[in-house]
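In the form predicted on its own, a lone chain appears below as structure tokens.
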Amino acid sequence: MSESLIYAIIIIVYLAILILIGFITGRKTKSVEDFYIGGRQIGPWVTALSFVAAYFSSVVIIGGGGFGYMFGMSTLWIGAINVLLGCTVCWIVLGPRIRKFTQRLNTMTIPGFFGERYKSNFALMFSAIIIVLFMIFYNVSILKGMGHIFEVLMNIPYAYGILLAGVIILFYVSIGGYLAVVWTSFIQAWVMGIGLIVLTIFSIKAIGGIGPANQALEAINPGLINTPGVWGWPGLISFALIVSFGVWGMPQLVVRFYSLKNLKVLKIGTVIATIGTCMALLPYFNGAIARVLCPGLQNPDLAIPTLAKNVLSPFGSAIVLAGVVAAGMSTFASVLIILSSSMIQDIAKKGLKKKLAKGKSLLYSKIASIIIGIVSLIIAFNPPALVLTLTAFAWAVIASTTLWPILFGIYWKKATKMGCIISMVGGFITALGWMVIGKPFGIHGFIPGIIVGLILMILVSLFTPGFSKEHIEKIWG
């Protein structure tokens, strides 16, 4: 059996399963709440593993491999901090309160929460617009990662690869909504994990062990095995924090807490998600090994697919291919749901006060997800930058805008309307401006963005009018 045929069979079977899930979940999606948050009836295993799949996606597998290729073993710290800050602490600190507060305020989106918590239409509209604009950049980075996999492993032109993946995602999201997203992501997390583990085992075997790998990297450049190595502390810490702490302000991940069946499932969900996110270390590790086994790559984003093709059998490469495609699809689908909800529920219905015909909200939501997906596909045909760089740009701006209004909104009763607004605007301008002027001192815009946002949130809230006792009681119960 030829190599191309093996790839084709595995991918066709995998994609057929996703389409089937779309049909099944489509029958259960009867309302807008079903479409956006699964009717708040999702259990711990599905929630936790869909969180893992949406978090790491093709961005971490392809982009993390690219960074490992460039900067070596020090990038393992990024994966380790991902597990601690981006998952375990996030689930413990945000999970319970997000679930309780959003149900009390009857909100299904992050901007919707801001609008109700801070009684601010501006906060709702501003955050929704930022999420829509910059999440499209994130979508492009996801498609770019999948396109590179198809390009290297199956010799499918980049454009055809992203088109194939994008069309299937648009199909099952528009039919099944959030239920389709979490159930496909649940399966995709297993496929992604198996693919990464298989690649890691055979990569270590091919290079002769971890010791020889470090020796070979040291021979190339001692900085490839030292911390912070050739990257330097500013770059390493900035990226570790943005892809870890930035999760706290990312709507497609925070919304997982909205959909939980009840608070009791959070404990087991936290354990499952923590174990699952440990695979975040593997792309960086394999990317570093690829520096030895696949030298001279002009595009570091090709490190993982090239390594898979070199060290695995066609069947093994096909598993990795399916894993990366699975990872990308899960995140892309999650983002589509978020963007659709921001456009229809937040901007159109709440922000602009548009009255949608009764029973039409679900239809409009599905149409919006298709339109946004098509726009992302068009941009992805000629994308800029490295995958992880593109992702970090989008995450920095969104997280700098939303992080503190979320955290203070559920933990600090004295957080005010003006504190929220000024923090949002100040964090956004700082993060974007810092990156536009070239990231001084090698520090990513996320760091000054969240520092400025934090200071403004506290200071402005201390010197502006708070909310009534009735409103505070409504939020805190």
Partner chain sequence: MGPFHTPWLTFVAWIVAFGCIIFSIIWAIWVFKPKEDDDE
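Positions refer to the first chain, counted from 1. This structure is a prediction, so every number in the text was calculated from the model and none was measured.
The same protein also has a form predicted together with the partner chain, omitted here; what follows describes it.
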Contact label in the model of the complex: L281 to the partner chain, heavy atom within 4.5 Å: yes
Heavy atom of N121 within 4.5 Å of the partner chain in the model of the complex: no
Test of understanding: in the model of the complex, would N299 fall inside 4.5 Å of the partner chain by heavy atoms? no
Would P234 count as touching the partner chain in the model of the complex under a 4.5 Å heavy atom rule? no
State the residue from T227, N221, S361, N310 whose non-hydrogen atoms include one within 4.5 Å of the partner chain in the model of the complex. T227
The listed residue (I275, L407, I136, A206) that reaches within 4.5 Å of the partner chain in the model of the complex by any heavy atom is I275
Among 266 to 274, 125 to 133, 140 to 148, 246 to 254, the stretch whose residues bring a heavy atom within 4.5 Å of the partner chain in the model of the complex is 266 to 274
Is any part of 201 to 223 within 4.5 angstroms of the partner chain in the model of the complex by a non-hydrogen atom, and which residues would that be? I210, G211, N214, Q215, E218
